[in-house]
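Listed next as structure tokens is one chain, alone, in the form predicted on its own.
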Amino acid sequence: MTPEFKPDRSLAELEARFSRDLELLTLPPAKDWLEPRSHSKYGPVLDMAIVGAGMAGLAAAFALKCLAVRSLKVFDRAPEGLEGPWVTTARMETLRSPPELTGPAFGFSSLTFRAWFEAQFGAAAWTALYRIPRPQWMDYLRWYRRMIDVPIENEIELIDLGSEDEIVVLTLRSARATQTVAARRVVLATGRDGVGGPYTPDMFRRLDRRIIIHSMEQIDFSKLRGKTVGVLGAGSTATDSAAEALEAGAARVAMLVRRPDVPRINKNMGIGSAGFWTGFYRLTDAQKFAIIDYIDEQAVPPPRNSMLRCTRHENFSLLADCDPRAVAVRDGRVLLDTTRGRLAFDTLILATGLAVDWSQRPELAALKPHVVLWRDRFAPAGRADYAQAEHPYLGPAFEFVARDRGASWVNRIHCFNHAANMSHGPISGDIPAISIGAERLAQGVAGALFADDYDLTWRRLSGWSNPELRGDEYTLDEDAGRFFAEQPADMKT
């Protein structure tokens, strides 16, 4: 339960403290080092365009702002305050992450969730907090957005990417118009489905989408009242979808798990550390693959409280060793032939996760043919194909790697979303290490912009003429005779 909000001056004091922190650290730096650019066709050129104003996009924007990259803009297709999944498709009651994790605070204690929470609800409420309620995390991100103060445009969607004259051209669509924006660099901070979308097993793809629904879609659970509902999957999304159906009054809900049991151990928790987050990129491709593939194969279990949310209902069933072999729709019902027998449901929810699937991202159609994928660089022994093969193979600053020199523009686009996990580990969207990822991204982007501007830097260097000394601080001594001395024999020329 969210504590009662008690407005007082504490939040204003916290905000003042954060502003003072920035002042003491001279952030953003006062000195400009990037000069405005303009394109004959597209007008003013942004130094950085960020697609996505969720947690990752905000963190990236703040990290860049702190490096004095001022010509930047963030675009998001959602209305303001609804960015990311937190109050749209996410359904868990609380976050999985412990509340003490600092998230996108970048070492600023006054920018942490804890500081924001305690300023409103007090230290005692913090001590009693087990996990962060999901909608409250969105409230925090709305406040975070206001604190970092970066330019954001909402309700505007990326529909195409291209290039011209060493710049990236974004085609953006809003309810008002379609426009093109030119940028030197682009960050795709587009979340867990940033280079793909919902994974739907082949057998379900051509069936009635009114009664076979993917869990990543918007679902009106009130329409499931009195119905028999099946949920295919064993992860957190499956349990939360089942719980929502039960709480909406479904007559019966069954969660279908193909494994002999629900996964119980979260392998991610065993390896998560500062070393893992900062060092994963330094591993060999084989080592990276071994870790990611093992975690994927073991599967991440649902949180304990999500499972308890289901099992408190007597009309909930969990069917293990239940693997669908065939499906049909008859008389408005879903009929499943499974390893546990023939089952029938009024509605089937596919909690089958997300996949890197470029075909689901038409806005990246011009980009994909020029991008190096993991399949191009790594082939696991004995595996003709593997689940992560379509993931982009990224450079040290999350940049896409071009297949050939003629497509060097793709190196100017940075993949700061879930598809970066194969190359960088979970630092581009998960709460524990988002600051580490955003700092790596920002430093790489700033360094690349600086290197691109070498000629400008040289002109500044050679043309710099501001004197430190005016000439009246000293007098040149024309007579060195007072220092004359007879030279020893071994010094004479």
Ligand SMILES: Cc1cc2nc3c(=O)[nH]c(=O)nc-3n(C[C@H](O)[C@H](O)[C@H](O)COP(=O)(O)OP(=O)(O)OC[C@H]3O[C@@H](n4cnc5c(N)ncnc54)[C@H](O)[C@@H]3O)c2cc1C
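Please read these numbers as outputs of a predicted model, since none were measured by experiment. The first residue of the sequence shown is number 1, and the count goes up from there.
One more form of this protein, predicted in complex with the named molecule, exists but is not displayed; see below.
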### Query
Taking heavy atoms only, is residue 431 within 4.5 angstroms of the named molecule in the predicted complex?
yes
#### Entry: Partner contact for residue 86 in the predicted complex: the named molecule, 4.5 angstroms, heavy atom
yes
### Task
Mark residue 54 yes when one of its heavy atoms lies within 4.5 Å of a heavy atom of the named molecule in the predicted complex, and no otherwise.
yes
### Query
Does at least one non-hydrogen atom of residue 76 fall within 4.5 angstroms of the named molecule in the predicted complex?
yes
### Query
Just one of 118, 357, 363, 296 has a heavy atom within 4.5 Å of the named molecule in the predicted complex. Which one?
363
### Task
Using heavy atoms only and a 4.5 Å cut-off, determine which of 255, 419, 189, 349 is in contact with the named molecule in the predicted complex.
189
#### Entry: Answer range among 395-403, 313-321, 178-186, 92-100 for contact with the named molecule, defined in the predicted complex as heavy atoms within 4.5 Å
92-100
## Note on the structure
Within 295-333, the residues having any heavy atom within 4.5 Å of the named molecule in the predicted complex are none
